[in-house]
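Only one chain is included here, represented as structure tokens and corresponding to the form predicted on its own.
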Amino acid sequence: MSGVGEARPGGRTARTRDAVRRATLAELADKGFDGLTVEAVAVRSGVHKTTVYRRWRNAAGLAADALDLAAEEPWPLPDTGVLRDDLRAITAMVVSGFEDPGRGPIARALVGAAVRDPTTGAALHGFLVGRLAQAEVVVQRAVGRGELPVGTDAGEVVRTAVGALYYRLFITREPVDAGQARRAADAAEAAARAGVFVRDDPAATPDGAT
């Protein structure tokens, strides 16, 4: 979940929103979603409590807006010229986003909040859909280079690469490391090369179109 916490330019409203977002993330890192309150965010951000209540209303609104802001930010995707290396870089970013001592607690708190709260859940869904759409580009490039068959479903390749990591992180709650990230990427790349993700009707999709 990279992109959360970066500075955003803009006028007074943008600066207020960014200050509240930064305070929200700091509170999530310190206390988790259960400890997130409008009052604490107001104090930490320096924004008047009445303003925070009026615009964000509650903890779910604060968490959802932090995700909405992150969704607007570009993801620094790799472009190595080789699909396997691009997928390895993406899976490494996923792992670092959850295992990094600074960012990890925030990312885990947001996922935990999304499971329990519909507002945060919808925001997380939008964030992840946007990241998936951005990441599809690396697969589309590979199709264009002839690394993968025409008609390969780019989204399915990316989902396969990162899905095993999310399964370990949030279903079985097993540790993940760089080796597992690399193997997940390699497995997705090998399956894609073998044609596992080719759509039944390649003409119906722009993936790999010339």
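Residues carry their position along the shown sequence, with the first being 1. Model, not experiment: these values are computed from the prediction.
Omitted here: the form predicted together with a further copy of the same chain. The next part is about that form.
Asks: Scan 162, 143, 59, 28 and let me know which has any heavy atom within 4.5 Å of a further copy of the same chain in the predicted bound form.
Replies: Only one option qualifies, and that one is 162.
Asks: Residues 112, 129 and 172 are flagged as a possible site; in the predicted bound form, is every one of them within 4.5 Å of a further copy of the same chain by some non-hydrogen atom?
Replies: Verified in the predicted bound form; spot residues all in contact, yes.
Asks: Using a 4.5 angstroms cut-off on non-hydrogen atoms, would residue 19 count as touching a further copy of the same chain in the predicted bound form?
Replies: Heavy-atom contact with a further copy of the same chain at 4.5 Å: absent for residue 19.
Asks: Is residue 118 one of the residues lying within 4.5 Å of a further copy of the same chain in the predicted bound form, judged by heavy atom distances?
Replies: Yes, residue 118 sits close enough to a further copy of the same chain in the predicted bound form that at least one of its heavy atoms falls within 4.5 Å.
Asks: Is it the case that residue 44, even though its partner is missing from this view, gets within 4.5 Å of a further copy of the same chain in the predicted bound form, heavy atoms only?
Replies: Contact with a further copy of the same chain, no.
Asks: Might residue 196 be said to contact a further copy of the same chain in the predicted bound form, defining contact as any heavy atom within 4.5 Å?
Replies: Judged by the heavy-atom cut-off of 4.5 Å, residue 196 is in contact with a further copy of the same chain in the predicted bound form.
Asks: Heavy atoms within 4.5 Å of a further copy of the same chain in the predicted bound form: which stretch among 143-151, 163-171, 46-54, 66-74?
Replies: Partner-contacting stretch among the options: 163-171.
Asks: Any residue of 51-72 with a heavy atom within 4.5 Å of a further copy of the same chain in the predicted bound form counts; write them all down in order.
Replies: Sequence-ordered list is empty.
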